[in-house]
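In the form predicted alone, a lone chain appears below as structure tokens.
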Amino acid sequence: MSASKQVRSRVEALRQQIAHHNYRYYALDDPEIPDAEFDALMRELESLEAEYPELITPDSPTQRVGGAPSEAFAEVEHGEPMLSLANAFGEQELTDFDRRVRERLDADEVDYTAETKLDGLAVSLRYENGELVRGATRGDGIRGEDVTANVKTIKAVPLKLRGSEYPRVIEVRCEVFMTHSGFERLNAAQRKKDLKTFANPRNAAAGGLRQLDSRITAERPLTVFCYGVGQISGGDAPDTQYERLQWLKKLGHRVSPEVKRVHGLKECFKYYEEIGNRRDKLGYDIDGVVFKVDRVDYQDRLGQVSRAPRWAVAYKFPAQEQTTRLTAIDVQVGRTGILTPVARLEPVRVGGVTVTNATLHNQDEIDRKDVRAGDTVIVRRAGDVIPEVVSVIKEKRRKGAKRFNLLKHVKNKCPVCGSEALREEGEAAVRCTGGLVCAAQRKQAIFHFASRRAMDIEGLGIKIIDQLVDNELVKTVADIYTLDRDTLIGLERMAEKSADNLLENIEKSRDTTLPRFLYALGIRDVGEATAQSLALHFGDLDPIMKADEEALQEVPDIGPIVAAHIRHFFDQPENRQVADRLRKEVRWPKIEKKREEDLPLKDKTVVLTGTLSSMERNQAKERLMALGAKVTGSVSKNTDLVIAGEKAGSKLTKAEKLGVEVIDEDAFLKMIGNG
């Protein structure tokens, strides 16, 4: 059955809408509709083309991914050569370039078009009568490989030019690259499939573009920025480089938002500095900036030497990857207790900075890269990010180099405090279990202990904690209760009144609850709900400290992993000593162990909304959990009860719509009073 006029009209309208929204999304970075709405347009077009295959055209957005893989790439010749760029590596070399340009043009100053130099792969896109007919790699500049099927999978590449005013033939020069976020998604997907990950975005982009199967290319998050034109026939282009880029943008191509017209050498240096300062926030890799004489007639006059134009130069940033020797592997302990292997390096300049250390992340990464002491390695540094070892040059490995095992290296002990170091099954990280005593974790442990939902010591913020720890005034959380007025007044920016207020709040924190105390200890995976369950089940601290893993698993919602974390924590003598000291400083009311029939809200899901006049939200939450409730933050069909205070908003509305039981504050107070 052939398609009706109405169907043909709808198909054409869908293609125009999809092309328009692709342009808004990729070229202008200004989408008009959400992704779900765009996907619906694509699904409708795919459905109509499946029903009426005679309507399929090569420029349809559904035809981006080809069929069977190619056996090899054909060689194609560019309409005009794709020139390489000469490089400038310092201020003097850029100054010399500008001088030569001005001398040849007999000009006092010259306008340049400035843009970022992407670390990607150059391609040429050939359009005939507005339709993409070929995509080719740079190759040797004269001939490249035909990668048409692959570039068609890149959604930022228009299959058809916008409007009607374009040359009969035009070659558009682009750089194919991958953003940092796209690269991270790709490697995450590779790891999930147990496949090899990529070393950097450029390798991933280049490999993706040169796949013989375009269906694999389509899975790579590739994108492009266009930077110029090659052959043009049957039409004209604007007379300056800057205007040509704006023209390409109107035709539907994606152009870097960093493109700028600058006047003279001074503005070139200013642009270089500005881009350098923002380099790490761009979201993609660049290795310099490019300056091109803006006027095309000037470009023609200047000509080229060998295969590089005299009218353009790449002003490179200092290299971000270098080769050096890894002399040793040490282990550092972070503020959360994770043990991280660190490479000690022979000093090397990377990205303008001398690097002597680099992270090795974890044991899995060491094993994957097969890093060993004495290896010659490639080190990478990006901005303020900690340098990392990218790969090993195994051809230069010395005989007898031994594999590194982190746990054996530290003899299963934290190198800072001597507590047990553990790596759990399925986890990459090795952790120290001495949370209360480990000097590396000290500040984090104190900050958590004093937080509002733990011991609630108002005024004990991170800046004061820094001073207390750095001056060795507090070594464990128990030392908080030994602080005096003279000590606090001696801290920077600590006035007498502030010191008195802090001491008063420390004193108030002595009266707490067992769940808050357990949560404040910072035991791994013991949050507020788990702390409440432990307190209700055991009634006091001693039985918890003595309970084995089997007994701990009898507590509702505590499984073998959390039980092991609790047991490991209290197995460390140092942790037990601090807990014993704290028991002499703080107190909590005795908890009567309740039978299930004494927990009227057992297994009930409760939501608090609005403002309660009688108590704070956290207090209300604690009282509800003491009655066996599970307190959540959102209303759903699984919610059993909503407690609505004053100014209850959307949660109350949703509860009423779903028919969930709602009670006010008075009813809530009666409930907890009865409990």
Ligand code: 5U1
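Numbering starts at 1 and runs along the sequence shown. A quick note: this is a predicted structure, and the numbers were derived from the prediction, not measured.
The discussion below concerns the form predicted together with this ligand, not included here.
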Inset, instruction - Report whether the minimum heavy atom distance between Trp311 and this ligand in the predicted complex is within 4.5 Å. - result: yes
Legend entry - Contact test in the predicted complex: Tyr227 vs this ligand, heavy atoms, 4.5 Å: yes
Legend entry - Touches this ligand in the predicted complex: Leu83 (any heavy atom, 4.5 Å): yes
Inset, instruction - Using the partner position in the predicted complex, report whether Arg442 sits within 4.5 Å of this ligand, counting heavy atoms only. - result: no
Legend entry - One residue of Val555, Val437, Val262, Val290 in contact with this ligand, assessed in the predicted complex (non-hydrogen atom, 4.5 angstroms): Val290
Inset, instruction - Could you work out which of Thr116, Thr137, Thr153, Gln363 is the residue within 4.5 angstroms of this ligand in the predicted complex, going by heavy atoms? - result: Thr116
Inset, instruction - Please determine, with the chain shown alone, which of 108-116, 373-381, 335-343, 471-479 has non-hydrogen atoms within 4.5 Å of this ligand in the predicted complex. - result: 108-116
